[in-house]
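As C-alpha cells, one chain now follows by itself in the form predicted on its own.
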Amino acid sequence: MKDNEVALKDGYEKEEQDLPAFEDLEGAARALMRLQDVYMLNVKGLARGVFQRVTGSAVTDLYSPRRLFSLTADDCFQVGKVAYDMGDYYHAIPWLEEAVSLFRGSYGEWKTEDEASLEDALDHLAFAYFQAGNVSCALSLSREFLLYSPDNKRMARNVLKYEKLLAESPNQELAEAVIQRPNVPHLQTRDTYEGLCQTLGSQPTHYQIPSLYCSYETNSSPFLLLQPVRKEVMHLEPYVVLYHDFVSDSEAQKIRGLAEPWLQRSVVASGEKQLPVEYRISKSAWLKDTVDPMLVTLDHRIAALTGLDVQPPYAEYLQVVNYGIGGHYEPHFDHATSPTSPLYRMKSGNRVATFMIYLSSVEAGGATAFIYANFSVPVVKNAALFWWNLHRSGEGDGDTLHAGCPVLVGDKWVANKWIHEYGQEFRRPCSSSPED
C-alpha cells in the first residue's frame, strides 16, 4: 500500500510540472486585460469569444473566429481577481460583473472545475465598487450576498457601514464612480501606440503618396541578380522597407524549429543588466550561424540585400522571438540610448540597423507600429522589415521608436538581425551633413 502511495505521489508531481501554475494564470489574465485596453475590447464580447471594439454606441467586429470559445463564470472571476489583488479596480470591476452575471444564470448548478462561487464574485465586486467610490453599488451587491449567505457577519457589518456612509452623504447614492485606467508612467505615447495598433496595420492613405513605391531589388549584388527581392518602401523618414518573400516557408519553419528548444522569457537592457519586464512579453532564443548551414545562407542573403557586414562581431547572432496571444513589446528603440548599455559589450559600436524577418502569419494583431513616424506595418509571413536605427552621424534616430502590438489571435514568430556600426564605415559612410 505504501509503495502505491509513493508511486501515485511521484506520478502526480511529474504531471504537476506540466500543469498551469499561478504565474501562468496571472500572465493569461494580464494578457486579456492588455488586449482589452489596446484594442478597446468589450469584456462581455471577450467572455463569449467575440472580439468587438466598443466606442460610444458603435460596436465594431475586429475579428470573427470560425468557432466560438466562451469563458465560464469562474474564468471571468479569476481574471477579475488578478486585477483585484493588484488594486486595479478599473479592470477588476467589468470582469467581476461578468462573473456575477454568469454565476447568477447558472446558480444551483454544481461544476467540479469551478473554484469560485456567486458569493465569492459578489464579495469581491462589492468591495471593488467601494474602493472605487461607488458605495451605492457596494451596498446593493452586499445585500444580495446576504440573500445567499445570511449568516456572514463580516458582510453584515459591511452593509451597516455602507448604509451609514450613504445616510451621512445622501448625494453619494446617486453618484456613479468614474474609474480611471491605471497610469503607465513609462509609456508617454500610449494613445498614439494604441491607435496605431487598432489599425491592425492597414495603411490606406499611403497609396496616395507617390514617393512610396515597389520595385525588384538586387542592390547590384551578383547574389541577387537572378533572383531579385520584391521591395516595398513603407516610409522615407525614417527609411523603412519591407522585403516580400525574403525567406521560404521551409526556411521559416526550420528557423522556428531550431530556436524552439532554447526559448526563454525575453529580457531588456536596464542599465548594465538584462531583466524580464512587463512591457515586453515574449520568449526568445539566440542562434549562432554554426547551428545549421541554412543560417549561413541567410546571413549571405541579408548582407547582399543591405550591403552591410553581418558577421560577428559586426552583427549579433540571429535572435528568434515568439509572441503568444497578448504577447507584445511596448514602444522602444533598438539602438542603445545610454553609454552603459550592455549592447556596447560587443566592442562594435551601437546598432546601426535592424533586419526583422516575419517567420509566421497571425490572424489578428501583432503589427509593428512606428510611434513618432505614425504608421504601422502588419505581419506579412516570410517578409523582412529593414530600417536604419542611427543617422549617418552616429546619432540615434528618434523617429525609429517602435512597438510590437499585442497579438490578438494567433502565434507570432520573428527573427531579428541587429547590425552594428563598426565594420560598416565604407559600406555606409558618414555624410557631410549632420542631418543625414
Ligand SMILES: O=C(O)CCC(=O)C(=O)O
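None of the values given here were measured: they were computed from a predicted structure. From 1 onward, residues are counted along the sequence shown.
There is another form of this protein, the form predicted together with the ligand, and it is not shown here; the text below is about that form.
- Within 2.4 Å of any backbone or C-beta atom of the shown chain, none of the atoms of the ligand lands once it is superimposed from its position in the predicted complex; the pocket counts as open.
- Out of the listed residues K231, R280, K254, K283, R280 is the one that sits within 4.5 Å of the ligand in the predicted complex by at least one heavy atom.
- Between the ligand and the residues A83, M356, L141, L242, the one pair within 4.5 Å by heavy atoms in the predicted complex involves M356.
- With the partner omitted here, the stretch from 123-131, 149-157, 325-333, 341-349 that lies within 4.5 Å of the ligand by heavy atoms in the predicted complex is 325-333.
- Interface membership of G404, defined by any non-hydrogen atom within 4.5 Å of the ligand in the predicted complex, is confirmed.
- The closest heavy atom approach of S376 to the ligand in the predicted complex falls outside 4.5 Å.
- By the criterion of a heavy atom within 4.5 Å, I419 is excluded from the residues contacting the ligand in the predicted complex.
- Taking the ligand as it sits in the predicted complex, the stretch 125-143 never comes within 4.5 angstroms of it through any non-hydrogen atom.
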